[in-house]
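Quick heads-up: it's one chain on its own, the form predicted on its own, in structure tokens.
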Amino acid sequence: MNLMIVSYLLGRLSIGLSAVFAIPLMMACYYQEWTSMNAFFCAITVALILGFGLQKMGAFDKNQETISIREGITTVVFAWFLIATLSAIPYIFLDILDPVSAFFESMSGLTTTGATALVEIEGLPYSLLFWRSFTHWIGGIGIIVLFIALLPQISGSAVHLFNAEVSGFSSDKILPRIKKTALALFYIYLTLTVTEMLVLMLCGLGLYDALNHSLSTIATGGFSIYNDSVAHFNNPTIEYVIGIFMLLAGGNFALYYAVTQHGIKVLWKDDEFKCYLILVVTITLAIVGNLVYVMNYSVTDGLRYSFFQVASFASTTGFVSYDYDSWPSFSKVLLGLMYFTGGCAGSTAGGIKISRFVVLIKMIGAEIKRTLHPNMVMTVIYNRKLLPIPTLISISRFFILYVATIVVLSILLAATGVTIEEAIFGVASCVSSVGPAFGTIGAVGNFAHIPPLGKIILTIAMLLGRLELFTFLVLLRSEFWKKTRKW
């Protein structure tokens, strides 16, 4: 593996982030937040020094060198650690969070998890709250995807970077060239963000509120600028608008590109998207019935709150419009189920992904049939295509590893002294990129009381979930680092 290439790419990424820091810096100037100006100026300086240092240590010749699988994976993983570290500087400089909590907060933002270590959000500088939401947005589209789109000199060799970053098991390409693919995703992502912001402004929100919540929504992140999240507005129209955009953000962006080329009919031909909508509608109606029957909610209120929270959990956004911890156990179990299903492959959402669950259910059905007919060859059809056996094995392994990861990390987190409920739900929410869980880390809680070691464990859980496990875990194999390997 050529670490010179990795160093060069990380250096360019660090330099690029220094330019991104200029956006909250200008906002700090606009709001005359002088301390915040110093914080972001410090972040820019550190990012530039580190960036030029890494670039000088590395080397990359676009005419001679290509990026291998190992170099692509290494760059992706280390890029997340690098950007999360640099993004934590403003929190530390402003003395709002200690270094571990600041790293936890920035990683939560970049991985679009939405778990927060902040106890009091309101009253923080406007520029910092914007930066907090903006980390969601740049993390949602994927730092590496933006990297490919904005650095054309390496785009011809960047397929491994893109493959390591974009989730899902489909091998279909949106466009034949990776740079065009990244740009297409970016434009769709930007269009949804701007559209939601304008609609929220029409609903009565100011520009600042609309911008921050749109950044968090389309990234399926969940950071709000208010302590009580979206519940602060207490406005059904705003909740329905955000809920609809959360569902859209949980859909497959490749599918949205196909809609622009072939019309909306392609949505109803996609097995995953149909199952995604059916699951959301079914669980929403089940929770409405439960709230009306057990807690005497009106149907209107039940639909309002259940739709929003189901959309929030299904898309793994983590916004809160009501204290769902006060709901009956049946409703909370259904919400918890959404931890694992997550959104669609090719979205900014976390979780196992609907597509994998669809295939797993079809595999179970095929196995039941084979019990009756032992000589039958297992066949699984997905989107009118026969899936090869290696794909089925890969999905099964991912599911097992996903569950095993939650179990192992929950045990480690429980060893730090937190309750078993906090350990299990905390890890599950971080691996699935949901953010808020239940109990003390639920709708009205936060992760501030989690001990430093626990925050480190949860930070690792966030990154594992964001990179879908294997991209991160492959670094633990000794052969990955051997120079004799050519893959």
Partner chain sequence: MNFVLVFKVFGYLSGVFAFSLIPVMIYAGFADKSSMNAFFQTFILALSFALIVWFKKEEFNKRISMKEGLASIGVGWIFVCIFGALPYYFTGTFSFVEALFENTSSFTTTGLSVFHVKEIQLPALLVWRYLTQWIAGISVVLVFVTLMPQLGSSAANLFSAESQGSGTERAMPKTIDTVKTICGIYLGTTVAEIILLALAGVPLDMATKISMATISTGGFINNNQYFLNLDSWLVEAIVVIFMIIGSINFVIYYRLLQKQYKMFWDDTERKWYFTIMIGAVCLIGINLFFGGYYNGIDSAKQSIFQTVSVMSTTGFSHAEYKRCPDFSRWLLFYLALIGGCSGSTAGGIKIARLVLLMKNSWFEILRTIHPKMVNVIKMTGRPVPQMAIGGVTRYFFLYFVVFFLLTALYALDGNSLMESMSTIVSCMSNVGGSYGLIGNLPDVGILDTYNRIILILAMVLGRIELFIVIMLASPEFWGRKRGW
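Residue numbers count along the first chain shown, from 1. Keep in mind it's a predicted model, so treat the numbers as computed, not measured.
The protein also exists as the form predicted in complex with the partner chain; that form is not presented, and the subsequent description refers to it.
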| property | result |
| --- | --- |
| Non-hydrogen atom contact residue 269 with the partner chain in the predicted bound form at 4.5 angstroms | no |
| Any non-hydrogen atom of residue 232 within 4.5 angstroms of the partner chain in the predicted bound form | no |
| Residue contact check: residue 381 to the partner chain in the predicted bound form, 4.5 Å heavy atom | no |
| Contact flag, residue 261 vs the partner chain in the predicted bound form, heavy atom cut 4.5 Å | no |
| Residue among 237, 227, 394, 85 with a heavy atom within 4.5 Å of the partner chain in the predicted bound form | 394 |
| Sole residue of 337, 190, 96, 121 within 4.5 Å of the partner chain in the predicted bound form, by heavy atom | 337 |
| Residue stretch of 308-316, 182-190, 85-93, 412-420 approaching the partner chain in the predicted bound form, non-hydrogen atom distance within 4.5 Å | 412-420 |
| Interface residues of 310-347 toward the partner chain, as seen in the predicted bound form [heavy atoms, 4.5 Å] | 329, 330, 332, 333, 336, 337, 340 |
